[in-house]
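Just one chain follows, in the form predicted on its own, and it is written as structure tokens.
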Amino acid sequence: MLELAYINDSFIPLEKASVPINDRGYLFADGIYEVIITCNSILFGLDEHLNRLQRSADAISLELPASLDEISKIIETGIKKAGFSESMVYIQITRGVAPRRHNYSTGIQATLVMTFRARPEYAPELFNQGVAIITVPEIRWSRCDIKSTALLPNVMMKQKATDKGCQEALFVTADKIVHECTTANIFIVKNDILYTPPADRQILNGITRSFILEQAERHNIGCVEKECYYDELCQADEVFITSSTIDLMPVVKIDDFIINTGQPGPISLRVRNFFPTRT
């Protein structure tokens, strides 16, 4: 097993990988990314991830340096070369290398970078006992639907949560409207119905989020996408967060508020069973 990188046309050991100092991704965070995991050695939501990659590229007028089919083949090759039982694939595409100035020329060749690592493991008690999160001011830009590499607000607030011994930080507006966490979407359960903020420009429409909505409908669990408020969180029967790497993680405490009994609830546990069984 080997942590591996792919840069433009070559696979190399991760520790030997580098990009030029004038890459606009390094200088300006002028780029987009995706994270894809495997479950039972099968890529979870590959088409959905690649389609979102294309949407992000279109949103910032970035021409992909390879077709989605070509990117898919590179991913499959990299997973085989790295040899992990379960993998996490990081894809980053930047506008490319150019002299440092804010505006750019149309002839720049985009830079395609991928890394292949083992899928992260989380302590079982995080799922069995639930986690605590904090709320933080919404300080991000107005196009959170683009999966941009410009993540400084997320980094700052994730570190704030970590410093407080919490799993996540949840962005909430001055009007107490709930958006999403730094690396995860959020769901509220009330009277056996799932509520989650709408997939507008204020949140990233997570692939796992969409999977849960589809599966819940298939299993006759009510789902509502609507503006959610902080008070609704505190009065919820259950709360959980979702992302590609964690699947679903129950939340039992938000700031100083204990959610219901302070234990993961039955709907969260039921929805978690929708995911393919991990090896």
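The numbering used is simple: start at 1 and walk along the sequence shown. If you're wondering where the values come from, they're calculated on a predicted model, not measured in any experiment.
Only in words, not in the display: the form predicted in complex with a further copy of the same chain, which the text now covers.
A.B. asks: a further copy of the same chain is absent from this chain, but in the predicted bound form, do Arg24, Pro99 and Val155 each have a non-hydrogen atom within 4.5 Å of it?
C.D. replies: Contact check passed for all of Arg24, Pro99 and Val155.
A.B. asks: Of Val136, Ile79, Ile108, Val113, which residue is found within 4.5 angstroms of a further copy of the same chain in the predicted bound form when only non-hydrogen atoms are counted?
C.D. replies: None of the others qualify; the residue that does is Val113.
A.B. asks: Among Tyr33, Phe44, Tyr230, Phe211, which has any heavy atom within 4.5 Å of a further copy of the same chain in the predicted bound form?
C.D. replies: Checked against the cut-off, the match is Tyr33.
A.B. asks: Quick one: find which of 203 to 211, 187 to 195, 100 to 108, 127 to 135 has residues within 4.5 Å of a further copy of the same chain in the predicted bound form by heavy atom distance.
C.D. replies: Heavy atoms within 4.5 Å of a further copy of the same chain in the predicted bound form occur in 100 to 108.
A.B. asks: Find out whether any non-hydrogen atom of Ala150 is located within 4.5 angstroms of a further copy of the same chain in the predicted bound form, and reply yes or no.
C.D. replies: Yes.
A.B. asks: Report yes if any heavy atom of Gly262 sits within 4.5 Å of a heavy atom of a further copy of the same chain in the predicted bound form; otherwise report no.
C.D. replies: Answer no; every heavy atom of Gly262 is more than 4.5 Å from a further copy of the same chain in the predicted bound form.
A.B. asks: At the 4.5 Å heavy atom threshold, is Ile60 in contact with a further copy of the same chain in the predicted bound form?
C.D. replies: It does: once a further copy of the same chain is placed as it appears in the predicted bound form, Ile60 has a heavy atom within 4.5 Å of it.
A.B. asks: How about Leu14 - does it come within 4.5 Å of a further copy of the same chain in the predicted bound form, if we only consider non-hydrogen atoms?
C.D. replies: Heavy-atom contact with a further copy of the same chain at 4.5 Å: present for Leu14.
A.B. asks: For 165 to 182: residues with a non-hydrogen atom within 4.5 angstroms of a further copy of the same chain in the predicted bound form?
C.D. replies: Residue within 4.5 Å: Thr182 only.
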